[in-house]
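As a starting point, one isolated chain is supplied in structure tokens, in the form predicted on its own.
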């Protein structure tokens, strides 16, 4: 077994040194046993909160559940706060989430009996001994998630445990023990009594898990999904047209699967499985020629409603809804103009364009095509960068036509444009010259030239600028492997 961190050993040692019992408990013990790095540390003890506070002056205690958080001087963020909870037993849960009454328990075994799953009901001593009254180690070896005691009672106490079971399954790759699975299916409706914020937090953890798709499928199979995302279920079994080989439900999941594979952020994952959420509502006809006109527009509204209901931030709602709205953008190589690309960027927002392209790739893979980024999409990336580059124009200069007229005491005319052409050519050759200290004396020199000489320099300058633009465009094309 892995050695306990010094911060944890010191905490256990301090409690035991004063005659108290102390054990490492919960998810950190589970993680140690399956050789994962714990994300946080919990200790259970028979010391009261007041006694814990006396032993550890650096603490805060602002709850009704006998949990004191002590602060260490560790450089490891996961060890800077350690939660110490007095042995406790929970009475009736009135709101399916929090116990109405919390009482002190006498033993570690009694404390472990109130926990959710056997794999989380194991205690570890300072010496390395395990206390495992519900055989959680056996379930860890079998890779199954089993409720402690009677599953129905555990879920009626705290209905969110049903989603936690699915989350652990998606995170760890474990299966649900048959009685635990049956109890979830029979009690799924209890999820209606849980706050949307709590449901959102568990959903996010499932979506960010390595097996997020399996997690969503399990939510559907257990009946939980209808109380979380009933709109998503509308696509189950709904066939598509000749451009798709999967049902709407399957397509949404396969799109998400690619986003997970690429380790893309939450916003892209949300958009990946919500982008076609409205297809069942707008479908016309059946078979290869069925249509889904306007599904992206309707989907934008549905997506906003879903994320608002789940209490996502306004920023997340705006971004995901925008990605859904524009995921059908047109990008045929010979038909997309610079102007249409600029218009798309203006509608979507520069900061969202890259994620829109990621969504498009996930959408393609979810449709059953072999390549996420074909030539057309690479060409579109090239156009995006091309229109994003600052145009090579006299506006880049630290001097303008009005400055020239004042410096040379001359009226507006062809000479002004010719001088600016020459100056632009020179600063493209040497950007360090783009200062008024260099440009103003140079303007005076150029205005002293004969008309024919200035015209000749101007023609050469425009030619040089065209060559720079051509080279820049060629380099951008090479970057995206387009012609």
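Computed from a predicted model, the values in this text were never measured in an experiment. Residue numbers count along the first chain shown, from 1.
Here the subject shifts to the form predicted together with adenosine-5'-triphosphate, a form of this protein not shown in this document.
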Given that adenosine-5'-triphosphate is left out here, which of 360, 198, 378, 211 has a heavy atom within 4.5 Å of it in the predicted bound form?
-> 198
Picking from 325, 364, 283, 164, the single residue whose non-hydrogen atoms come within 4.5 angstroms of adenosine-5'-triphosphate in the predicted bound form is 164
Can you say which of 346 to 354, 240 to 248, 303 to 311, 111 to 119 gets within 4.5 Å of adenosine-5'-triphosphate in the predicted bound form, counting heavy atoms only?
-> 111 to 119
Does adenosine-5'-triphosphate get within 4.5 angstroms of any non-hydrogen atom of residue 205 in the predicted bound form?
-> yes
Partner proximity in the predicted bound form: residue 292 to adenosine-5'-triphosphate, non-hydrogen atom cutoff 4.5 Å | no
Any non-hydrogen atom of residue 27 within 4.5 angstroms of adenosine-5'-triphosphate in the predicted bound form | yes
Interface membership of residue 42, adenosine-5'-triphosphate in the predicted bound form, 4.5 Å heavy atom rule = yes
